[in-house]
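Okay, so here's just one chain, in structure tokens, the form predicted on its own.
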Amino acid sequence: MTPNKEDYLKAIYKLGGMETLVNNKQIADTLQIAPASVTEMLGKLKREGLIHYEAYKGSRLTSEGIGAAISLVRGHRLWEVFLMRHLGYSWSEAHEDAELLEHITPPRLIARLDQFLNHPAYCPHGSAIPRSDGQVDCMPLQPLNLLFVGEASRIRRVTEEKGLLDYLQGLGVTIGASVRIVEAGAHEGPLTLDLDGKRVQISYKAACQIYVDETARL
């Protein structure tokens, strides 16, 4: 299977395509490609038995497609753990090189890597690593921007996007850090945070891509 096809399967998986239909626009936006190209590729994946595709409705992974997607995501996130834990990679470097390694890693190596790393549950960016049976640990999360001023929570996941990862790492954002909203600028202005006891200002757009524990509200 080509890396291009694998990217489609991974995108459908991340968009919820194990259980529900994912529409073409969602896939095009995720992969940042033209809708016409998406339609053409989905036809190929359907013929190969990797997806169920309904025109004007969307796509859902078949059991074979699910297996391939889980292997890709699992390999990607395990490589991220390895690269940061043992080779000193940054957030964005680990993501970039894991994107390459996921396409050439056989199942045997994925299993050995998982064992070597002592079966981590999450990648360095906070995304859950699927187990070999496809099961995934889930935590109820919400975007940081939804916290009220004065509310506190803990950072659990960030969106894997190179520019964002470099920006957040430069500010000292880490998975597991405690965070409290100190001030919120008007009209989606920047947020001032107390981040593990340090004052940090962050853009509203970035805050939308940081996920924290859901807070209990009365």
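For clarity, every value in this text was computed on a predicted model and none was experimentally measured. Counting begins at 1, following the sequence as shown.
Here the subject shifts to the form predicted together with the DNA, a form of this protein not shown in this document.
Q: Only one of 31-39, 147-155, 163-171, 60-68 has heavy atoms within 4.5 Å of the DNA in the model of the complex; I'd like to know which.
A: Partner-contacting stretch among the options: 31-39.
Q: Classify Lys44 as contacting or not contacting the DNA in the model of the complex by the rule of any non-hydrogen atom within 4.5 angstroms, answering yes or no.
A: Yes - in the model of the complex, heavy atoms of Lys44 and the DNA come within 4.5 Å of each other.
Q: May I ask you to state whether Asn23 is within 4.5 Å of the DNA in the model of the complex, using heavy atom distances?
A: It does: once the DNA is placed as it appears in the model of the complex, Asn23 has a heavy atom within 4.5 Å of it.
Q: In the model of the complex, does Asn4 come within 4.5 Å of the DNA, counting heavy atoms only?
A: Within the cut-off, so yes.
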